[in-house]
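Just the one chain here, the form predicted alone, laid out as C-alpha cells.
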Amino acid sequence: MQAKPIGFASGQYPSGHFTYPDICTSHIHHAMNAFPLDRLASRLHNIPPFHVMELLTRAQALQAQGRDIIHMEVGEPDFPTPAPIIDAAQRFLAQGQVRYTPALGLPALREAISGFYATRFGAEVPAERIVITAGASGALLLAVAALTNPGDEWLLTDPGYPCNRQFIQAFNGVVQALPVDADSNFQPRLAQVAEAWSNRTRGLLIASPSNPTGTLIDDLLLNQLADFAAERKGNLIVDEIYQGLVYGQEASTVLSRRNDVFVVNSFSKYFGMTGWRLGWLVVPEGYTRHIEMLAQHLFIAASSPAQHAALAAFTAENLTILEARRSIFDTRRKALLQGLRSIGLNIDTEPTGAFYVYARISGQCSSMELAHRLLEEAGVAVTPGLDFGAHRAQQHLRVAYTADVARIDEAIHRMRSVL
C-alpha cells in the first residue's frame, strides 16, 4: 500500500464522523466566535481535537453527576507512582533547593539511564548521548525540530499516536501515512517504506510497542528499516516509551544493535510517572550539542523535582515493584482479550506490549458513535480509532487494560448490554 498524506480538516474525516454532544460543540463555537480566527496561525485551523481527551472530559462530567464510569480510554497506568520514587522526591523537596538543572538533564540521571541500558539490555549508550526531556512529548519535539525543514516528509504508520502528526506539522513538515493492518502486525513493511520514500522524505517514525495496537516490530525488520533510512541519508526515530511493558518475551531496544538512530523513551508508562512529565531522548553521536542548544531555548530544563525523583526509578527495590506490575498487566491483558471476544469484538492481532487492545467492531455503527454510546449508556470509556489516523479508523476501538480484572469484567458486562 502506498503512503498518502493525512488530512485533518473536518471534511476529510471518514464518512460517519460522529459529532459531540451539544454541550461540547456549543462551548467550542462560543469560544471560536469570541476570537477572530484570522489572527491564528494557519496550522491551527486544521488541528483536530484529541478525541480521547474530550471523551475523558465527558466521562468526568458524568462522574460529577454521580455516574460510575469505568475508565479504559486514557493511556495512563492506574497504579500510583512507586514509593521509592515518591520518597526520593520528598527528600529532595525537603531541602528546598528546587532550581534549574542543566538543559541536558541531571548528570546523575543521565548516567543512571546509561547504566540501565547496559544492565538490562547489554547496550552501550554513553550518558553524553542522553537528553532528559519534559516527557516523551518533549523528546519527540526536540527530535522533529532538529531534523525537519519546511516541506520535509515523514513516514508515519496509520494507525499511530496522533500527536506525532501534529509535531511534524508544527515545524512545517508533511506527514505521509503508511496504512498498516493486522497482516503486518500493524507495523510497516520494508517494501512499503521503500515505495513511499521520495526525494523529499526526511525520515521514518515507528513505535515498538505501538500505540494503539500494542504490537512490536521484529528486530530484524527494524534493523533493515534503519539500514534503508541510513542508505538514503534519512533518519529513523524509534518510539520506545512502552519498552518495559512487554509480555511473553524480554524487552529490547534498537540501541543494542544501532547507534545511528534517535530513540524516545519515557518515565510515564513502565515507571508509572505520567504526571511528573519526564522522558529522555537518545541521539546519535555528534548531535548532543545541537539538541542541547535547542532544549535551552524551548524548555530551559525538565522538571527538577521529577528528575531527582527518577533517580530512584532504577533501584533494585523499584524495579521489583515495576516487574510485579507488568505481571498484573499481563493478567489483565488476557482477561480483556477473552472478554472482548465474548461480546463479538474482533482481535485480529493480539497485543504483546503496552496496555491496549485494538479491537475491530462490526455492524453499522462507527467507532466514534460506539465510543459515545458505551460512555453514555454503559458508563464505559474507550477510545475511537479516529484518534489514531484514517485507515479503517471507524472500524476500531482502543481499549486500555488500565483497570483491575474485576472492573474489566464489569466493563465487559456493561458493554454486552449495548452491543
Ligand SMILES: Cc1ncc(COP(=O)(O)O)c(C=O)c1O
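Computed from a predicted model, the values in this text were never measured in an experiment. One-based numbering along the sequence shown.
The protein also exists as the form predicted together with the named molecule; that form is not presented, and the subsequent description refers to it.
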The named molecule in the model of the complex: contacting segment from 266-274, 145-153, 184-192, 286-294, heavy atom within 4.5 Å
266-274
The named molecule: the contacting residue among Tyr117, Tyr161, Tyr247, Trp197 in the model of the complex [heavy atom, 4.5 Å]:
Tyr161
Going by heavy atom distances of 4.5 angstroms or less, which of Val282, Ile85, Met72, Leu140 would be at the interface with the named molecule in the model of the complex?
Leu140
Just checking whether Ala136 would be counted as a contact of the named molecule in the model of the complex - the rule being heavy atoms within 4.5 angstroms.
yes
Does any heavy atom of Asn211 come within 4.5 Å of a heavy atom of the named molecule in the model of the complex?
yes
Does any part of Tyr242 reach within 4.5 Å of the named molecule in the model of the complex? Heavy atoms only, please.
yes
Residues in 300-336 that come within 4.5 Å of the named molecule in the model of the complex by at least one heavy atom, in order, are none
